[in-house]
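In C-alpha cells, one chain follows: the form predicted on its own.
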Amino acid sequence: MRFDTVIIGGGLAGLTAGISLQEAGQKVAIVSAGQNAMHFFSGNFEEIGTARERVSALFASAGVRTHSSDGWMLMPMGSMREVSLTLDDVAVFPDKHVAEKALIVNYTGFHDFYGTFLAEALEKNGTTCRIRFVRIPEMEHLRLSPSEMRSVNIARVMDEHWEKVVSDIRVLLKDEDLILLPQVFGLKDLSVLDKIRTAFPARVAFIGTMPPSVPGIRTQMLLKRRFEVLGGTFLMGDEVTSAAMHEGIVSSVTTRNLDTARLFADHFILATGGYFSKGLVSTPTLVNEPLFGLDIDYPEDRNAWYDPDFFADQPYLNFGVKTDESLRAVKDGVPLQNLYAIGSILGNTRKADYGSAAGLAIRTAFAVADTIKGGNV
C-alpha cells in the first residue's frame, strides 16, 4: 500500500499532522497502537504560542470546541494553573478567587474526584464550600466493581441521565454562585454540557478527575473522525514492527496486523510519544527509541537521570530523540532525509522552539506538516 505520508502514532501530535496533510490533499495513513497521552489530557493547551488561532480552526473543523481566554484553570487536586487556550468544557476563571460560595457535587461511590482537596484549596482563596453527594440509580451496576467506577464509564451513563443529576442538584443548591461537577459529561453528546450550564442560576464548572480523561478521549474521537472523513486511513490497534531504510531514506514499514504487507510512503512521521506509550524505552543503563534506533539526547551518567526529590522536575522527562532544525530524526549522527519526529518523543530537546506538553505536540505537528506540504525535503 502506498501513501504520501505514514504517521506512526495516533495521539494529539499524529492526528494534528494527519488532518493538516489530508486537508492539503495528501494521502495519509496513521498507525495507532491505542492508548496515548490524550487519555490523560487536562484540556489545557500549554505553551501553544502563535499556533492558538490555527489549532482552534483545525479543532473546530472536527467539532472540538475550544475556549481562548487568559485566566486560571482549577485542577483536580485544587491547584490553579494559568491558561490561555482550553477545551470548551474546561472552566476558566479570571483570578484565583473563583466565587463567594461553591457547591461541590460528587457521585456516591466515585473515588476519582477529590471534593475535599478542592474545598480546602478554594477556601484558602476566600471561597466558602459545601460538599454533597448524589446517587444515580443507573450507576449502581458500576459500583459492583471498582475498576468500572471510572470517569469514562460514568460518562456513558451521564449523557443519558443528566436530567436526573440536574434535578438532584436543584434540591441541594442554596445560595451558592458556583457549582463544581466532575468532568464526566459530553463524551459523545456535547449539547449535554450546554444544557447543564443553563439549568441553574449559578455558574457551572466541570472539574477534571483522575484519568482517564473524558474530554481527552472525546477530543481524540472527534479528531480521528475528522481525519477519516477527509479520506485518511487510520489503522487502530496496530503497531509498526519494522522499517526498511537505505542511505538515510525510509522506504516502507510493516505492521503487526498487516503481516507481510508493507506501507510505502514518501514521508514518515514518528509520533509515538514518550515512556508511557513506549516511544522511548529505558533500561538501567540506557534510553533508546526502539523502532528506528534513533539517537537520544541524554547523559550517560545515570545519576543525572533523576532528582532525589520526588516532587522536583525529573531530568529524564527532558530526554528525547535528536533532530535537526527541520525536525528530521537523527540516526548515528546523521539526519534521516524523510523521517520526522514530533510530540513528546522529543522530550524537552526542542523546548525553546516549540514549548512542551500539548504545545509541543501541536506546534511540531504543524511545523512538519508545513515542511512536507511545501516540498522542503
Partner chain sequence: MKLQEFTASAHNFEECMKCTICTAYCPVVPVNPRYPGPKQAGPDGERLRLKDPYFFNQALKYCLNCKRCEVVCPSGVKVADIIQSARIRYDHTPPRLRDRVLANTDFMGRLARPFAPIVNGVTSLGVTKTVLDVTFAIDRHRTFPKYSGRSFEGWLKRRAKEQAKFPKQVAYFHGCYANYNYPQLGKDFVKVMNALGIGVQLLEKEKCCGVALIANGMSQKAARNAGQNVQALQKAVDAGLTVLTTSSTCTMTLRDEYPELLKVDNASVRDSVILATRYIYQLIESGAAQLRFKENYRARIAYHMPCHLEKLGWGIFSYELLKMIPGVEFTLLDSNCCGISGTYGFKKENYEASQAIGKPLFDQIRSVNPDFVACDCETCKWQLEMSTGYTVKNPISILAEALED
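Positions refer to the first chain, counted from 1. Owing to the predicted nature of the structure, the values given are computational and were not obtained by experimental measurement.
Another form, the form predicted in complex with its partner chain, is not on view; read the next lines as being about it.
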Quiz item: For Tyr316, is any heavy atom within 4.5 Å of its partner chain in the model of the complex, or not?
Solution: no
Exercise. Would you check, heavy atoms only and a 4.5 Å threshold, whether Ile207 touches its partner chain in the model of the complex?
Key: no
Quiz item: Should Arg150 be classed as touching its partner chain in the model of the complex when contacts are defined as heavy atoms within 4.5 Å?
Solution: yes
Quiz item: Would Ala33 sit within 4.5 Å of its partner chain in the model of the complex, counting heavy atoms only?
Solution: yes
Quiz item: With the partner removed from view, which of 340-348, 35-43, 308-316, 60-68 is the stretch that lies within 4.5 Å of its partner chain in the model of the complex, judged by heavy atom distances?
Solution: 35-43
Quiz item: its partner chain isn't shown here, but in the model of the complex which of Lys164, Arg203, Arg225, Arg81 has a heavy atom within 4.5 Å of it?
Solution: Arg225
Exercise. Scan Arg156, Arg197, Lys96, Arg132 and let me know which has any heavy atom within 4.5 Å of its partner chain in the model of the complex.
Key: Arg156
Quiz item: Is any part of 228-267 within 4.5 angstroms of its partner chain in the model of the complex by a non-hydrogen atom, and which residues would that be?
Solution: Glu228, Thr233, Leu235, Met236, Gly237, Asn257, Leu258, Asp259, Thr260, Ala261
